[in-house]
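Form predicted alone, single chain, as structure tokens, below.
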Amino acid sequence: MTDHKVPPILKPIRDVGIVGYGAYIPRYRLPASEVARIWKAGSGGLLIEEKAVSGLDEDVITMSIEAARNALARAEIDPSEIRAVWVGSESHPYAVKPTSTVVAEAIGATPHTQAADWEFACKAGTEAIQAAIGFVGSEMARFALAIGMDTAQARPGDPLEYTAGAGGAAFLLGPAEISLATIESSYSFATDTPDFFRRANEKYPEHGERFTGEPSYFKHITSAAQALMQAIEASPSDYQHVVFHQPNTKFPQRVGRALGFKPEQIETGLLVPLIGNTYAGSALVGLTAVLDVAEPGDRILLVSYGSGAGSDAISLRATELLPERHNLAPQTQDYIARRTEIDYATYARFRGKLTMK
């Protein structure tokens, strides 16, 4: 029988790391006060200032291309060397037609590449990263590109309208020796917990109400983080930065305290007050913000969460190559600072809230 006292971590044969990374956040911002003005309600104590909204000419494909180009700029490799392009999202533009092939074509990775779309709610991006680690770590490929990207999805008047933002990030995985941050180890935790879902023909997702907090988000993130740290004999004090999935401001702060992390360890990657929950890109955009300021030797813990439900925990360490690549592409804070405020009517038009028949 298998001994499960020490959690079975995911460790590839060859050491793998992040060779390039890049974020993309649309410039349009919808203030939380504007949502409250229309629906005559408060923000439920979520502490959200505003959220990013994709424009009329933006979708998961166009935003993924921008993030991928930023990752390639930092990696400084020929895109024809990429053997996999994987895009995780809840809002792929097509029901039948892959996002990944369009992205691969646009960045110059075709035709000698594998392409696929990934789906696991808000952890679709880290799911793609886990697969890319295995693809590179097994030596099936030298480079694999993993992307987490989403547009804002929320029923009009729903509390999600305060938090459901747009944006995401791309990560090029490759050999550890040329990486900006090495993957120390990873672990995944999943159960069948129906906290949030959207059936095929429904436009907006539904809440699982009482399942959302304790049995879903907190159980999965806590279990994944604790198991990974136990397996690699690490403690919260060993990390300079930690990034959790950010459905709102309260949840990541609460789970961080429960796990023993200090507010300053969480602060850099906590971007949801300004850009909202970017679903598949939520934790990943936070990771790009951390990588933008991390110093060589800094350890980073990333823990995603996807409804349905599951969490991926990944331990990383920044290398000496990271600081010299910071400015080869726009930094995450550059995208946050680049903003154009819109009202609710413009948001409704951009997001197709009004159906004309």
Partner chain sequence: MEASRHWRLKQERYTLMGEICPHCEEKIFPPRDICPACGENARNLYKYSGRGEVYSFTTVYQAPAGYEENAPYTIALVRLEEGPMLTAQLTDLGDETVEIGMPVEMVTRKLRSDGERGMLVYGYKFRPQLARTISA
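A quick note: this is a predicted structure, and the numbers were derived from the prediction, not measured. Residue numbers count along the first chain shown, from 1.
This next part talks about the form predicted together with its partner chain, which is not shown.
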With the partner left out here, if you bring back its partner chain in the model of the complex, are Arg27, Ala329 and Thr340 all within 4.5 Å of it by some heavy atom?
yes
Tell me, please, which stretch of 308-316, 66-74, 31-39, 294-302 lies within 4.5 angstroms of its partner chain in the model of the complex when heavy atoms are compared?
66-74
Among Ile48, Ala289, Ile61, Leu322, which has at least one heavy atom within 4.5 Å of its partner chain in the model of the complex?
Ile61
Selected contact from Glu267, Glu105, Asp158, Glu119, since only one has a non-hydrogen atom within 4.5 angstroms of its partner chain in the model of the complex:
Glu105
Mark Pro93 yes when one of its heavy atoms lies within 4.5 Å of a heavy atom of its partner chain in the model of the complex, and no otherwise.
yes
Does Arg14 reach its partner chain in the model of the complex if we count a contact as any heavy atom within 4.5 Å?
no
Consider Tyr335 of the chain shown here, and say whether it contacts its partner chain in the model of the complex, taking contact as heavy atoms within 4.5 Å.
yes
